[in-house]
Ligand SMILES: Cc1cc2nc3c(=O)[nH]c(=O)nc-3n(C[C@H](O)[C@H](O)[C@H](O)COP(=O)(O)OP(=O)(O)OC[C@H]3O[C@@H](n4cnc5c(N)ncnc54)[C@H](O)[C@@H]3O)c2cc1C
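Just one chain is shown here, as structure tokens, and it is the form predicted alone.
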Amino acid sequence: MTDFDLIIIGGGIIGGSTLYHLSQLGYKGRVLVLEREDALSKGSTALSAGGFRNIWTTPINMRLTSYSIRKLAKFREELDWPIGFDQRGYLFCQTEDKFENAKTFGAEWEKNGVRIEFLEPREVEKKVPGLKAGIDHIDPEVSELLGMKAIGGGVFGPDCGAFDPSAAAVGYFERAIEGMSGRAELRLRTEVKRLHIEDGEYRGIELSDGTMLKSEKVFVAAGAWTNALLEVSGVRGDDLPPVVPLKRMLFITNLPPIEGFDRIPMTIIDDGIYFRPEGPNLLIGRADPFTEAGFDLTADAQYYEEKINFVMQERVPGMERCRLMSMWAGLYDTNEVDHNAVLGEHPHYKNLLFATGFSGHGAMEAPAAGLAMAELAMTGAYQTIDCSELSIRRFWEKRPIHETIVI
């Protein structure tokens, strides 16, 4: 006798999307959602940059994000819930060689329904007022020290933009719980100690207070904490997805005194530095390639000053008048092999479903990923988007899914 038909572990946007789509699909089972924090969406979902794009070079990512963008665009209408949807575009600024390489992929983007505009340097400068595509204005010694090169062009996605993932997660949970008429229960401040796995089959969970709960299936949507839970539950070696927690920091400054800068798209420049308006301010980030795996969430102002600020000032004269106002850190559930999601039912553990390894793409893929996991939990198969190639099997079979040109 089971207590629930399905237990969802994690109160972020992936868990919320899955529960919502179960509700929409007419799932009649009893669902328990467990979140260890005192509110929904207090983990990586709330701490993300909130960007969305369908500019990828792998069909599965293009399908997931294109579908998700359409759903995010209709989120307020469908759920009567605001999520700050802002479709102002994504702009990848690239050196000449990378830009020419990207243009060779244009036919593939068109075939997959991804709208792309290839911009010459002067057009890049029009998209981002104040940005200097060249480097002639930079002192040669400074340019060499910072490793800056001229921008040869830009890949612009007009369907891309940003939204509030935390608001979307809460909206998903609220509407799902309403729609399931008492069949869905949410418990906050409830930590899972381990999964009970016996003879290759999931049997139930043990909470940190010793309570045992049984369910037919479990869906682990704990992001960067997923592997820690699987490992303490006895999952070992290659049965673990190749995912580690990596700190990623975001910084808020005031906008530079440049007319029109408050209307720029999400822009990616030298060394992967990205920035976009955030209300009346500017959000800036860059993945630190030397970050060690772990659960540290300490934001570092020195990293902004030394690794981001100098490049920003040279690429966008006027940024020298901007001051760091706030900062925070979140965790990527980083797939060390190919930086793409690992999801599905575990081939070696019956009724154990999980989704992790999104490597920073989870929020933008959540509408599609949640639908996929809901279909899998309810029917045993993907119906709308076939996500089987994202199975953990791909690592055992040496079939990683690598992005090229843009990542």
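From 1 onward, residues are counted along the sequence shown. A quick note: this is a predicted structure, and the numbers were derived from the prediction, not measured.
Note that the form predicted together with the ligand isn't included here; everything after this is about it.
Looking at 114-122, 310-318, 325-333, 233-241, the stretch with residues near the ligand in the predicted complex, meaning non-hydrogen atoms within 4.5 angstroms, turns out to be 325-333. Not one of Gln94, Ala102 and Leu131 comes within 4.5 Å of the ligand in the predicted complex, counting any heavy atom. Note on the partner interface in the predicted complex: the residue among His339, Lys350, Lys42, Arg30 having a heavy atom within 4.5 angstroms of the ligand is Lys42. Put simply, Phe358 is close to the ligand in the predicted complex: some heavy atom of it is within 4.5 Å. Although the partner is absent here, Ile9 is a contact residue: one of its heavy atoms lies within 4.5 angstroms of the ligand in the predicted complex. In the predicted complex, the ligand sits within 4.5 Å of a heavy atom of Leu34. Using a 4.5 angstroms limit between non-hydrogen atoms, Met378 is distant from the ligand in the predicted complex.
In the predicted complex, Gly43, Ser44, Thr45, Leu47, Ser48, Ala49, Gly50, Gly51 are the residues of 43-72 with at least one heavy atom within 4.5 Å of the ligand, listed from first to last.
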